[in-house]
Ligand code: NAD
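The chain below stands alone, shown as structure tokens; this is the form predicted alone.
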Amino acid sequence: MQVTEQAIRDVVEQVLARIELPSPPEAAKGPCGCTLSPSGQCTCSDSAYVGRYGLFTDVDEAVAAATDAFEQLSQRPIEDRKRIISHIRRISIDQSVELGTMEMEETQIGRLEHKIEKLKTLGEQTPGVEFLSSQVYSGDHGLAVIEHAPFGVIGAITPVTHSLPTITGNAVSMIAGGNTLVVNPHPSGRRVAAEGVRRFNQAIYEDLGIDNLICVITEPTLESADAIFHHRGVKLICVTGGPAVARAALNSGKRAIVAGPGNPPVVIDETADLERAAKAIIQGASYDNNLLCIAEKEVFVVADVFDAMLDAMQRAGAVRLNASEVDALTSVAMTTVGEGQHLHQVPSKDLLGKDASVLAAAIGKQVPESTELLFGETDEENPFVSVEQMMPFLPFVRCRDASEAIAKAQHYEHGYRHTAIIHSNDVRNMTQMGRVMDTTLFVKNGPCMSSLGLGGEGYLSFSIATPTGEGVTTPLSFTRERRCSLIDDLCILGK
């Protein structure tokens, strides 16, 4: 059979059809009643949950299994964490096409090539145990060593926008720190989450004999998320999602690492390289159809170069909508929810994460299917400016000068302090915006993803903790400091 995209989709549809959640295999039993290891050895220390490969419907069972796995992991050397992580990396890279296609088929949002790329890149670049380092203080009064210890079982909430990729990145970082995790995925991405977790755990168990390092709730609900938040066996919460789930995590009574919402603005001043800016904006805003929380969402351009910037966007391949087309798209792409004083606009679920050609078709406009991004001039009152729309259309707002553009950027970022982007060759404008915005990520003269090491420097993670301040998370984010002190000895430099 010729390997084509359609062939891959057909195979994935067959795999999805076979997934029954949950139907964990029965593990073989020894004469003493305990579970046998893959090699047939008696493993009395293993729990009754061995052989489940991380698939659970009950939060209590999932936390119990993850606790057992944590206790086993705690008895293993750091070298074993490297082996565990190597399996997650290998599966994410080698099976990225199948799993990425599975996620696309299930969620129906984003772009297939980017679903695949995210899994592959996270497998390659998420930092592991090499990020752990100890600090040593030596002096007249002895020796103090500060090490980074695990919390235990971490409860994680993952979004539909990056269901399995977020689990992949979190699992690498959390296990590198010595933790285990229980995941409540978004319901619309639960099947690919469960299948990915099953593959990770099975490979780890067959190699090291530890199961359920990553546990997933296969029928996730708001109730199961709340149960994770308040379970006494869960020591730390990690949330990637919108404002509601972020607030719930912060109100859980536990320490929380929260990757909250963003509405990243772009400022373009009169000194910018417009051609470079246009290419970078298209690359960032179109990636996975603008589902990234760090993606360019609205653009503020100084008047002197506004028209030239729009021309540069067209030359770079984006399709411009005229005023009436922008109005038409706004009316179908945004919807009003809430009641009374709580009325607000949100992106339409029918168009969220869809291709630019689908957005155009929704207003009767035909564009090539290869079109990555639509854009058009709006005023600042257009909801595309204030709402985190997560679709490949960018509003461009004309501003008097750089100061006004930066002020509007600050206003419409809503104080999330998430991500901001500027295209400029004026160091003072860059400095002014950086100070005013005070965002976790601040990108200058590049696409949004360059702030995660994709085309820029640094390490990669899909959990970017903005409200709680950890920033782009690493294994250290999921550890606690422990100080071990020896008094008056082992300092060999003094008398």
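From a predicted model like this one, the values you see are computed outputs, not experimental measurements. Residues carry their position along the shown sequence, with the first being 1.
Keep in mind the form predicted together with this ligand is missing from the figure; the text below concerns it.
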Checklist entry - Looking at 451, 463, 439, 429, which has any heavy atom no more than 4.5 Å from this ligand in the predicted complex? => result 463
Next on the checklist: Just to be sure I understand the contacts: of 241, 178, 127, 209, which is the one whose heavy atoms reach within 4.5 angstroms of this ligand in the predicted complex?
Outcome noted: 241
Checklist entry - So which stretch, 245-253, 116-124, 313-321, 98-106, is the one near this ligand in the predicted complex (non-hydrogen atoms, 4.5 Å)? => result 245-253
Checklist entry - Does at least one non-hydrogen atom of residue 186 fall within 4.5 angstroms of this ligand in the predicted complex? => result yes
Checklist entry - According to a 4.5 angstroms non-hydrogen atom cut-off, is residue 299 in contact with this ligand in the predicted complex? => result no
Next on the checklist: Is residue 182 near this ligand? Define near as a heavy atom within 4.5 Å, in the predicted complex.
Outcome noted: no
Checklist entry - Are any of the heavy atoms in residue 420 no more than 4.5 Å from a heavy atom of this ligand in the predicted complex? => result no
Checklist entry - Out of 371-393, which residues reach within 4.5 Å of this ligand in the predicted complex, heavy atoms considered? => result 388, 390
